[in-house]
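The chain below stands alone, shown as structure tokens; this is the form predicted alone.
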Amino acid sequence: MSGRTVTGRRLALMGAMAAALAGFTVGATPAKAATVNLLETGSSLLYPLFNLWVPAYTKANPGVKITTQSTGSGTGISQSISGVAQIGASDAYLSDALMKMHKGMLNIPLAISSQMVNYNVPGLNATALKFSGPVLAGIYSGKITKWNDPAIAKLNPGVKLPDHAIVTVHRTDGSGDTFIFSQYLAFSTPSWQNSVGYGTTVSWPAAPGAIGANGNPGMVNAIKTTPYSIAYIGVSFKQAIVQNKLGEALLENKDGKFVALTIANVKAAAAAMTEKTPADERISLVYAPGADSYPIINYEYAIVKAQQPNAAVAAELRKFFTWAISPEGGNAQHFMDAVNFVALPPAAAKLSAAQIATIK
């Protein structure tokens, strides 16, 4: 073999090595994987929980960025359907009509929440006034207009009720809180069911002096600044109710008992309904049977498309939701306690996990 031939082969080998190393420098590190961005919009009731979850989760999972926005459940639902948001936080599940129109949407419970009925009646905020669904329906329909109306007085014997007009406060945005409050009225009061019904938005009757507010923060502000008002407010804002020394009602449940909003009573209602939860988990937990059941509780939902735009987004959603429903993750007691929620019962968590696995 000639020296000329050997030299040519050496030059060819050196050229190949140079080509293979092209673009690399000494000490270079591999490029980091691109960050996956997720947008969560919707429920103002779920918003405080997401704001606790996201920092804890992203600290342990730096490859994902989750942006949260409190827009109301109605906006969360519409933005998840349109694809503007990957996660639509909602206190309400999608109706049969919406599921038929938008096939492939998932309603994934993440936890269980509840709703207060609060009031600002000078001199009575420290008293737990009793209300039934029919009396609240009468108040919000404008048929019961005074605090000392005989219907309210009958439920609260011995309480000196003021001869003053009631100011009702309701949500103006599409709201899961409106959904479950109006369900309580509808399920307990046939006349409300036949005239107003329930939904994330309803055509509120013309109650004298009624006030509209946006989001749970708006509801709290409206009631604290308006004497003789009454409102429905999500339980994650209970601290604000306590701080502003506003009243919290005892509500009549399906068994005719007046019960306080306590964790034990929420769990009693959940226990009565969990086993009835279907595979798609679209079910109302409102007005559950049982002597101890608090009557306005609900699953807090993530409304999500089963088919995502790419595998990376789908993988991050599966990972985040799996963490969120885990007792060692987002359903840990310290998260639940911070917003007065209740963790998913094991049977419901199993159904949620099955739905999460279908995200592709």
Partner chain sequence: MSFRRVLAVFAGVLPASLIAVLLFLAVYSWPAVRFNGIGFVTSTSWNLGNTYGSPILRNGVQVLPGAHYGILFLIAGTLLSTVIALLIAVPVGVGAAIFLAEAVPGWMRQWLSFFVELLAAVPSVVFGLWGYAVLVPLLGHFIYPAMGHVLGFIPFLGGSTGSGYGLLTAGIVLSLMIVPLIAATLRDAILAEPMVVRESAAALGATRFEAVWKVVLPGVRKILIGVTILATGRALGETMAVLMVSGNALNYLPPNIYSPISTMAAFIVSQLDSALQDPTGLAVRSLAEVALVLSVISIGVNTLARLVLYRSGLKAGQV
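Positions refer to the first chain, counted from 1. Note that this is a predicted model, so its numbers are computed, not measured.
The form predicted in complex with the partner chain exists for this protein as well; it is not shown, and the discussion that follows is about that form.
Chemist: In the model of the complex, does G74 have a heavy atom within 4.5 Å of the partner chain?
Modeler: G74: yes, in contact with the partner chain in the model of the complex.
Chemist: Can you check whether G138 is within 4.5 Å of the partner chain in the model of the complex, heavy atom basis?
Modeler: Heavy-atom contact with the partner chain at 4.5 Å: absent for G138.
Chemist: Does the partner chain get within 4.5 angstroms of any non-hydrogen atom of P289 in the model of the complex?
Modeler: Close contact is absent here: in the model of the complex, P289 is far from the partner chain, nothing within 4.5 Å, heavy atoms only.
Chemist: Quick one: is P227 in contact with the partner chain in the model of the complex, heavy atoms, 4.5 Å cut-off?
Modeler: P227: yes, in contact with the partner chain in the model of the complex.
Chemist: Would the partner chain be touched by all three of A315, K319 and I359 in the model of the complex, meaning a heavy atom each within 4.5 Å?
Modeler: No: none of A315, K319 and I359 comes within 4.5 Å of the partner chain in the model of the complex.
Chemist: If we take heavy atoms and a 4.5 Å cut-off, which stretch out of 152-160, 89-97, 258-266, 130-138 is in contact with the partner chain in the model of the complex?
Modeler: Every other range fails; the passing one is 89-97.
Chemist: Given that the partner chain is left out here, which of N118, S113, N253, T200 has a heavy atom within 4.5 Å of it in the model of the complex?
Modeler: By the 4.5 Å criterion, the partner-contacting residue is T200.
Chemist: By the heavy atom within 4.5 Å rule, which residue out of I211, I283, A249, M105 makes contact with the partner chain in the model of the complex?
Modeler: Answer to the contact question: I211.
Chemist: Going by the partner chain in the model of the complex, which residues of 172-191 come within 4.5 Å of it through any heavy atom?
Modeler: Stretch hits, in order: T172, D173, G174, F179.
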